[in-house]
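The chain below stands alone and is given in structure tokens; this is the form predicted alone.
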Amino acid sequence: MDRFTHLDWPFLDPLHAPLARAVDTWACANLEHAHGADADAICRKLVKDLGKAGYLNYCVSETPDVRSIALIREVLAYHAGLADFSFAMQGLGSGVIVLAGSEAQKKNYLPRVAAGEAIAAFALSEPDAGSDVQAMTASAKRKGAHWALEGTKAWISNGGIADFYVTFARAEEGISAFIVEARDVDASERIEIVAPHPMATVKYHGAKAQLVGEAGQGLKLALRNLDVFRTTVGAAALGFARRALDEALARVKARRMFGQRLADLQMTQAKLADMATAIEAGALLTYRAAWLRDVRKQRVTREAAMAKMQATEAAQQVIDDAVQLLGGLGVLRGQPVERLYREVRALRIYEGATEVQKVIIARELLK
């Protein structure tokens, strides 16, 4: 099955197909190491390799092409979840600097992020303030030319390996965005989840911070950043789902059962049809949202939420179906679909759980 039939869709431009195929060729040659146990070391290497290949430049562009970011994420996710993670976190972690950083901040951080020489992190969530950002308790106070941050952030991707953390805290003017160097935080409390991603609780004890943009504008910046990368979460889910479908197709064509191939059973064919249709529906919503932002220059709060919800929910079901079709092999540790089963689950939660996406869509409809 050709994974790239969508490259000639009207949502994409002629430049996008060569990009997707180039990333696919690069991934085939460079991602054999991306499935080991030491996620910290793997991610550090992946960031460097992605920087050398030039792909991280897409994350720090002042005029981001969301379709390019989405295609890169889809292809990387097909090959290795940690490769997608490493790429996406460089963009999410530095996006606020791209949007509102001073010239000095942009000069200091963005070239290093693009080169893979500095690892970025996005620190928004707290133990009791995830999707409910208004419940944030981390605080920021002016200390001369800088600010001092107090509080705790939770579920922070790249926590423990990041070189700097774009952190959101409540100042007198309202929620604001700050850059905090890794040396000024305590990220020693690591978090283990079902997929091996670098993650930590990050603590701030009077941490020295630089304000990004204007005080009180942090929440707007966070949401603008999420509008870009929430769409591309859907693309990562597509990559996972396409890999699961390919693994399932290969297995059912080869597996013989009751004197025929598993693929010859109508029950199998019905499942495959549902899987393929769900993937295409997610792809249409994802690349439509990216096109609306890139070409129509629209705010895509509703469309990004739809894309993220549909693509991630569909991917979860597609991967579960693939595990079922593979039978015992589907739950064998280290097999691609078993790995995908663990990796996809977080996508339905981070950058806004599915239930939050429904709230966002409904609010946009009711405006």
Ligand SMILES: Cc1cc2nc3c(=O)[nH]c(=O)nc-3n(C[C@H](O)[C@H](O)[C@H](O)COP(=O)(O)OP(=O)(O)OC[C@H]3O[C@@H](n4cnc5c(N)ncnc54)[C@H](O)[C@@H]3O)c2cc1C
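Small disclaimer: the values here were computed from a predicted structure and weren't measured. Just count from 1 along the sequence shown to find any residue number.
Another form, the form predicted together with the ligand, is not on view; read the next lines as being about it.
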Heavy atoms within 4.5 Å of the ligand in the predicted complex: which stretch among 128-136, 261-269, 110-118, 174-182?
-> 128-136
276, 295, 284, 193 - the one with a heavy atom within 4.5 Å of the ligand in the predicted complex = 193
Taking 4.5 Å between heavy atoms as the contact cutoff, choose which of 82, 156, 162, 96 touches the ligand in the predicted complex.
-> 156
Does residue 122 reach the ligand in the predicted complex if we count a contact as any heavy atom within 4.5 Å?
-> yes
Indicate whether the ligand has at least one heavy atom within 4.5 Å of a heavy atom of residue 12 in the predicted complex.
-> no
Residue 356, heavy atom within 4.5 angstroms of the ligand in the predicted complex = yes
Although the ligand is absent from this view, report whether residue 349 comes within 4.5 Å of it in the predicted complex, heavy atoms only.
-> yes
Across 71-103, which residues bring a heavy atom to within 4.5 Å of the ligand in the predicted complex?
-> 89
